[in-house]
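This document contains two forms of one protein chain, each encoded as structure tokens and listed individually as structure 1 and structure 2.
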Structure 1
Amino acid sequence: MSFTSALLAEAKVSWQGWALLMFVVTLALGRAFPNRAHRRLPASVWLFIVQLVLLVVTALLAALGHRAVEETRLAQQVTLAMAWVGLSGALLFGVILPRTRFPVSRILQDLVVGAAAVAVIAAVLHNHGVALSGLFATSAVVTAVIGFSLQDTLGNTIGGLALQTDGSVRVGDWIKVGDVVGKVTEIRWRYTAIETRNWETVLLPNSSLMKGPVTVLGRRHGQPEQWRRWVWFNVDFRYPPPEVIAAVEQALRAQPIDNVAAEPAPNCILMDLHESYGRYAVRYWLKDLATDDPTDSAVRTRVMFALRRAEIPLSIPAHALFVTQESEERKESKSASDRRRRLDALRHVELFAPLEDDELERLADALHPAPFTRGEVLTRQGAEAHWLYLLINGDAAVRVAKDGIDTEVARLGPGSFFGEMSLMTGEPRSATVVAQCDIECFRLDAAAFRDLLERRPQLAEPIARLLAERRANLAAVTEGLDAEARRRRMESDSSMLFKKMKAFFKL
């Protein structure tokens, strides 16, 4: 028999045509869906190539009439069977099932492919006249010996199968086992891989997950993944708890914080009483479990700035000693410097140009520090708030919502002021102002300005004229008003604003 005839005969016996078609289709689909390429595909490709080599060797031995042809034929068909199973597994688990979004655990895939390989190899051996009864008897004895000697390994294997079957712990879950906290990235036969926030990968034996308690963080039936966090702070007894809680909760809920859930809303509670201070806690729900410390820091910053605006300092331990005695001269120097700073801020506000120096000084004494951290809302469009802000350091964005679209219309820097309409007329805020960084402001309440107008009611008219001029200048830019239209708008607004100021301040 010639080599060519022998090669064709061997190829026909082993269905090489169908095998080649399967090989090409699997490679084509794996290339078409690279994100779903199965991990068994490379090994199956090598097995297919090896069986082709064995096919050529078998044909050569058959052409030469060598007696070892049966052994090489058996090896070639066993290798081909393994390649068939591997290619089928790659096609099923790497291409078809992912497109149907039917998840199959990795261990279950291994079991299916392994069982199929055993069945197919057994069929090939049976066709070649190999007695399987003796092989099964021997394998049972070997299995028993291996089972006794590898109890821990088998326990880990069964544990991994159980974890993937019942879904109690899934890839992507954040879990806590003892002192280890991390994200499950892989469940293998022997271990479960957990990546911690410290950039470590911890391999936990599956048997330990089956025997001991495992906390799955952020999981609750029927609820989104979010985890409650605690941020602690202390405030002196001199400040009533309702004031502390109201200031903190208002700041936390006024503007969203990255990775903090809106529902349930963050809340502040008084947790304990100590010798000289109350122990408070902010409870919030974290949406991205990987960002616990950065989000805690953002919440602490929001709390600190809220307390500073409310002029509520964090507590000082009762045993603290002040070893520096502040002289009266130093106190007076600090007070005078702070007052000059306030007066300078007021003099930069065109609105207060008609005021005398003594009137400006009274307003300066009424200014309150109002710091804000990045992302906080200073004023909200449509809200009723009767005060004016003077921006000393930092910058803020002015945003206007119209027809459901929120648009930034201006940026405010040091020396800017805003909220004058609410201060003078009590009108709702016309825009939302958001801090773009940590900023320093002074806030002037309507009560202080009411006291000034009660002393000098005649100030209302020039201030109303200044407000009207500012509004007319803005309208001239946004609406394209000419000089005459601008003048008429200013006169109309001046009269209207003067009436509103008289009504608001009851002049």
Structure 2
Amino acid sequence: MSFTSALLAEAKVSWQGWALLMFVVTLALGRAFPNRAHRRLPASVWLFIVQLVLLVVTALLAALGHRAVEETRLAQQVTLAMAWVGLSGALLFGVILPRTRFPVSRILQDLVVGAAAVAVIAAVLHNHGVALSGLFATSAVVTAVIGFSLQDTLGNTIGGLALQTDGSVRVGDWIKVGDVVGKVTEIRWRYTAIETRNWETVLLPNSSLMKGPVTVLGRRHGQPEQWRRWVWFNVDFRYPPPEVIAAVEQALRAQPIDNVAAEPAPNCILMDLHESYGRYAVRYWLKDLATDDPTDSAVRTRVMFALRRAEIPLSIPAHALFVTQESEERKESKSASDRRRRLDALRHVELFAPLEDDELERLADALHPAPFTRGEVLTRQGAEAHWLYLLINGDAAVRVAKDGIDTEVARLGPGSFFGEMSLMTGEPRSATVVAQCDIECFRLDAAAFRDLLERRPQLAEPIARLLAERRANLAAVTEGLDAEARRRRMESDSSMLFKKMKAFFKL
């Protein structure tokens, strides 16, 4: 028999045509869905190549009439069977099942592929007349010996299988086992891999997960995954708890903080009473469990700024209070330097340039410090107005929302003021002003502003001019005015606003 006819005969016996087709289809699908290309694919490709080599060797031996042809044929068919199983597994678990969104755990995949390989190899051996009963008797003894010596490994394996099938711990969950907290990245036969926030990977034997308690963080039946966090702070007894709680809750809820859930809303409670201060806690729900410390820090910053705006200081430990007990002299010098700062701030606002010293001093007394942290909203478009703001340090963006689109119309820097439009026209806030960094402001209430205008009617005109300019800029965004239309709008608005203001303030 020639080599070519022997090769063709061998190829026919082992259905090489179908095998080749399966090989090509799987490779093509693996290429078409690279993300889902299965980890079993490379080994199957190698097995397929090996069986091709064995096929050629078998044909060669057959052409030469060699006795070993039966053994190589058996080896080729077993290899081919394994390649078939591997390719089918890759196709099923790598391409088809992911498309149906029917997740199959890695361990279950291994089990299915393993069982299929045993069945197919048994069938091939049976076809070649190998007695399987003897083989099974020997393997039962071997299994018993191995099983005995590998008790721990079996415990881990069964643990892994149980974890994957009952879904109690899933890949992606954040769990706490003993002192280890981390995100589950893999559940393998022997261990479960956890990545911690410190950039470590901890391999927990599955049997230990089965034995001790495991806390799955942020999981609650029927609720989104979010984890309650506590942020603590202390405030002196002199400040009534309802005021502290209201100031903190208002600041935390007014503007969303990254990774803080809106529902349940963050809340603040008085948790304990100590010698000289109350111990408060903010509880909030963290959405991305990886960012616990940075989000705690953002919440803490909000709390700090809210308390500073409400002029509520964080408590000083009682013993420090006795040491630094304030003398009258010290108090006076503190309030004098505070006043100087306010006056200084007022002198940097161009609008108040015409004011005499005594007018500035009266104005300084009416100012309230209003620090804001990055991202906080100072005025919200459409809200009722109560304050005029003077910006001392930092930047704020003026944003306008129209038809669901939010546009920045201006940037305000140190020395500018805002919030005058509503106070002067009685209309709701025309824009949202957002702190771009930690900023320092003073605010002046509506009554003090009115008092200032009544005393100094000359201020009304420059304010009306600025107001007209700002309104025209806003109209450019909301009504799409071009430069010329904007200029005309400004001119006509300026005198109209001046008259309106005079009437509104009875100047």
Ligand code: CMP
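The term rigid core refers to the maximal set of C-alpha atoms that superpose within 1.5 Å between the two forms. For numbering, take structure 1's sequence and count from 1. What you see is a predicted model; the values in this text were computed from it and never measured.
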The form predicted on its own: is that structure 1, or is it structure 2? 1
Answer yes if the Cα of Q226 shifts by 2 angstroms or more between structures 1 and 2 on a rigid-core superposition, and no otherwise. no
Fitting the rigid core first, would the Cα of D292 be found 2 Å or more away between structures 1 and 2? no
If the two forms are fitted on the core, does R309 show a Cα displacement reaching 2 angstroms between structures 1 and 2? no
Can you give the CA shift of M496 between structures 1 and 2, in Å, with the two forms fit on their core? 8.5
Align on the rigid core first, then pass along the CA displacement of P428 between structures 1 and 2 in angstrom. 2.7
